[in-house]
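Heads up, the chain below is alone and in the form predicted alone; it's given as C-alpha coordinates.
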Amino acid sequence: MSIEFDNNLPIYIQIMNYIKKEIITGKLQSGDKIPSVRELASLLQINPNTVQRTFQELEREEIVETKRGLGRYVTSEESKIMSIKKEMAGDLIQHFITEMKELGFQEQDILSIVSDAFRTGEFNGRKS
(Lines give C-alpha, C1' and ligand atoms only; values in the text may rest on other atoms or scores of the structure.)
Protein backbone atom coordinates (compact mmCIF):
# COMPACT_ATOMS: atom_id res chain seq x y z
CA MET A 1 0.00 0.00 0.00
CA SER A 2 1.35 3.38 -0.92
CA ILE A 3 -0.38 6.72 -0.94
CA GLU A 4 1.02 10.00 -2.18
CA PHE A 5 -0.42 12.50 0.24
CA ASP A 6 -1.85 15.81 -0.92
CA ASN A 7 -0.95 18.70 1.37
CA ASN A 8 -4.33 20.32 0.77
CA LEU A 9 -6.43 17.53 2.30
CA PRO A 10 -6.23 16.01 5.81
CA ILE A 11 -4.31 12.72 5.78
CA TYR A 12 -7.07 10.80 7.55
CA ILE A 13 -9.52 11.74 4.78
CA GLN A 14 -7.04 10.66 2.11
CA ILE A 15 -6.63 7.30 3.83
CA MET A 16 -10.43 6.97 4.11
CA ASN A 17 -10.78 7.66 0.39
CA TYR A 18 -8.04 5.14 -0.38
CA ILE A 19 -9.71 2.41 1.69
CA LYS A 20 -13.12 3.21 0.16
CA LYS A 21 -11.62 2.93 -3.32
CA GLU A 22 -10.01 -0.39 -2.41
CA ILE A 23 -13.44 -1.62 -1.30
CA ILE A 24 -15.44 -0.49 -4.33
CA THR A 25 -12.84 -1.82 -6.77
CA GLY A 26 -12.94 -5.19 -5.03
CA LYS A 27 -9.34 -5.18 -3.82
CA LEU A 28 -10.79 -5.26 -0.30
CA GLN A 29 -13.90 -7.38 -0.25
CA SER A 30 -16.85 -7.63 2.04
CA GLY A 31 -15.76 -9.32 5.26
CA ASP A 32 -12.00 -8.85 4.63
CA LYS A 33 -9.87 -7.90 7.59
CA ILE A 34 -8.17 -4.52 7.29
CA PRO A 35 -4.69 -3.82 8.69
CA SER A 36 -4.38 -2.84 12.34
CA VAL A 37 -3.66 0.73 13.40
CA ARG A 38 -0.03 -0.12 14.06
CA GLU A 39 0.43 -2.00 10.79
CA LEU A 40 -1.06 0.76 8.68
CA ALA A 41 0.74 3.55 10.55
CA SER A 42 4.04 1.73 10.08
CA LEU A 43 3.32 1.01 6.42
CA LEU A 44 2.38 4.61 5.63
CA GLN A 45 4.91 6.07 8.07
CA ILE A 46 2.35 8.27 9.78
CA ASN A 47 1.18 8.85 13.33
CA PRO A 48 -0.98 5.97 14.68
CA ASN A 49 -3.46 8.56 15.98
CA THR A 50 -4.14 9.58 12.38
CA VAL A 51 -4.90 5.98 11.43
CA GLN A 52 -7.06 5.63 14.53
CA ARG A 53 -9.08 8.66 13.47
CA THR A 54 -9.44 7.18 9.98
CA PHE A 55 -10.80 3.95 11.39
CA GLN A 56 -13.16 5.77 13.75
CA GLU A 57 -14.61 7.70 10.82
CA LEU A 58 -14.93 4.53 8.73
CA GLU A 59 -16.74 2.89 11.63
CA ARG A 60 -19.00 5.92 12.06
CA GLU A 61 -19.90 5.64 8.36
CA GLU A 62 -20.44 1.88 8.92
CA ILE A 63 -17.89 0.99 6.25
CA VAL A 64 -15.82 -1.11 8.62
CA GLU A 65 -16.85 -2.90 11.78
CA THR A 66 -14.84 -3.95 14.78
CA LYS A 67 -15.06 -7.51 16.01
CA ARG A 68 -13.92 -7.43 19.59
CA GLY A 69 -10.52 -9.07 19.98
CA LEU A 70 -10.28 -9.92 16.28
CA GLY A 71 -9.78 -6.59 14.51
CA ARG A 72 -11.60 -4.50 11.96
CA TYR A 73 -13.39 -5.88 8.93
CA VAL A 74 -14.98 -4.46 5.80
CA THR A 75 -18.73 -4.28 6.17
CA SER A 76 -20.70 -7.21 4.83
CA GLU A 77 -23.57 -4.93 3.80
CA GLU A 78 -23.51 -4.79 0.01
CA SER A 79 -25.92 -1.84 0.06
CA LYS A 80 -23.36 0.16 2.05
CA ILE A 81 -20.63 -0.66 -0.47
CA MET A 82 -22.92 0.39 -3.35
CA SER A 83 -23.67 3.59 -1.46
CA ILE A 84 -19.93 4.36 -1.22
CA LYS A 85 -19.55 3.68 -4.94
CA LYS A 86 -22.38 6.07 -5.82
CA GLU A 87 -21.02 8.72 -3.45
CA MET A 88 -17.56 8.58 -5.04
CA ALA A 89 -19.06 8.61 -8.56
CA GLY A 90 -21.12 11.66 -7.61
CA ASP A 91 -18.01 13.47 -6.39
CA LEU A 92 -16.17 12.70 -9.66
CA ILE A 93 -19.11 13.82 -11.79
CA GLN A 94 -19.55 17.01 -9.81
CA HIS A 95 -15.85 17.85 -10.16
CA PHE A 96 -15.92 17.05 -13.90
CA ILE A 97 -19.01 19.17 -14.56
CA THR A 98 -17.64 22.08 -12.55
CA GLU A 99 -14.35 22.01 -14.46
CA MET A 100 -16.09 21.71 -17.84
CA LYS A 101 -18.36 24.66 -17.03
CA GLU A 102 -15.32 26.70 -16.00
CA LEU A 103 -13.89 25.94 -19.45
CA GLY A 104 -17.05 27.42 -20.94
CA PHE A 105 -18.86 24.27 -22.05
CA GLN A 106 -22.64 24.06 -21.86
CA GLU A 107 -24.55 20.94 -20.83
CA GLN A 108 -25.18 19.77 -24.39
CA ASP A 109 -21.48 20.23 -25.31
CA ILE A 110 -20.42 18.21 -22.28
CA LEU A 111 -22.87 15.41 -23.08
CA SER A 112 -21.69 15.32 -26.69
CA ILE A 113 -18.00 15.18 -25.72
CA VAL A 114 -18.61 12.37 -23.22
CA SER A 115 -20.81 10.47 -25.65
CA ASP A 116 -18.20 10.71 -28.43
CA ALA A 117 -15.45 9.59 -26.05
CA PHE A 118 -17.48 6.52 -25.06
CA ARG A 119 -18.43 5.72 -28.67
CA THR A 120 -14.91 6.02 -30.08
CA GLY A 121 -13.00 4.93 -26.99
CA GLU A 122 -10.70 7.91 -27.25
CA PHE A 123 -10.54 11.62 -26.59
CA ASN A 124 -8.10 14.02 -28.21
CA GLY A 125 -6.30 11.07 -29.75
CA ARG A 126 -5.83 9.34 -26.40
CA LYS A 127 -7.34 5.94 -25.74
CA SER A 128 -9.52 5.72 -22.64
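When you see a residue number, it is the position in the sequence shown, counting from 1. Everything quoted here is computed from the prediction, not taken from an experiment.
Quick note: we don't show the form predicted in complex with the DNA, though the next part is all about it.
Put simply, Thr50 is close to the DNA in the predicted bound form: some heavy atom of it is within 4.5 Å. Taking non-hydrogen atoms only, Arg68 approaches the DNA to within 4.5 angstroms in the predicted bound form. Proximity of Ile11 to the DNA in the predicted bound form: non-hydrogen atoms within 4.5 Å are present. When contacts are judged by a 4.5 Å heavy atom cut-off, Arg38 counts as touching the DNA in the predicted bound form.
From the list 24 to 32, 90 to 98, 40 to 48, 76 to 84, the contact stretch for the DNA in the predicted bound form under a 4.5 Å heavy atom rule is 40 to 48.
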